[in-house]
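Just the one chain here, the form predicted alone, laid out as structure tokens.
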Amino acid sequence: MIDERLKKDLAILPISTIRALTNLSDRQIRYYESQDLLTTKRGKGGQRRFSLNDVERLIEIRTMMESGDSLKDIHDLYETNRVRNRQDEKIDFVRSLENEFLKIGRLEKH
């Protein structure tokens, strides 16, 4: 079956497209990357390639900057979210393991 979902994490867009979609300059985009607010992939020739998730993040960054947030505030927010997501992933993993152990326990009892 063909996966019909949009692959938002597929990094195929060149910086010129990102510039048009985000109204950011190449310099701003590269600066946000250098500040670890964005991690880009590289094409075969070494050019930056962006995903739709990157577009969303850059628009978020632009919006926060326009609202008066500093780069440190934005970086701290993303770091807090990153830690929270890792914790959520760990909780999900533990719950999944618990469910599997419960299933195994039920199978052995029969």
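This structure is a prediction, so every number in the text was calculated from the model and none was measured. Throughout, we count residues from 1 along the sequence that is shown. Between two forms, the rigid core is defined as the largest C-alpha subset superposing within 1.5 Å.
We do not show the form predicted together with the DNA, though everything after this point is about it.
The candidate spot formed by Ser16, Ser25 and Gly46 is fully in contact with the DNA in the model of the complex: every one of the three has a heavy atom within 4.5 Å. The closest non-hydrogen atom of Leu37 lies beyond 4.5 Å of the DNA in the model of the complex. Shown alone here, Lys72 lies farther than 4.5 Å from the DNA in the model of the complex, counting heavy atoms only. For the chain shown alone, Met65 is a contact residue for the DNA in the model of the complex, at least one non-hydrogen atom being within 4.5 angstroms.
None of the heavy atoms of Tyr78 is located within 4.5 Å of the DNA in the model of the complex. Although the DNA is not shown here, in the model of the complex the stretch 27-45 places heavy atoms of Arg27, Gln28, Arg30, Tyr31, Tyr32, Arg42 within 4.5 Å of it, in sequence order. Shown in the overlay between the shown form and the other one, fitted on the rigid core, is a CA shift at Gly68 smaller than 2 Å.
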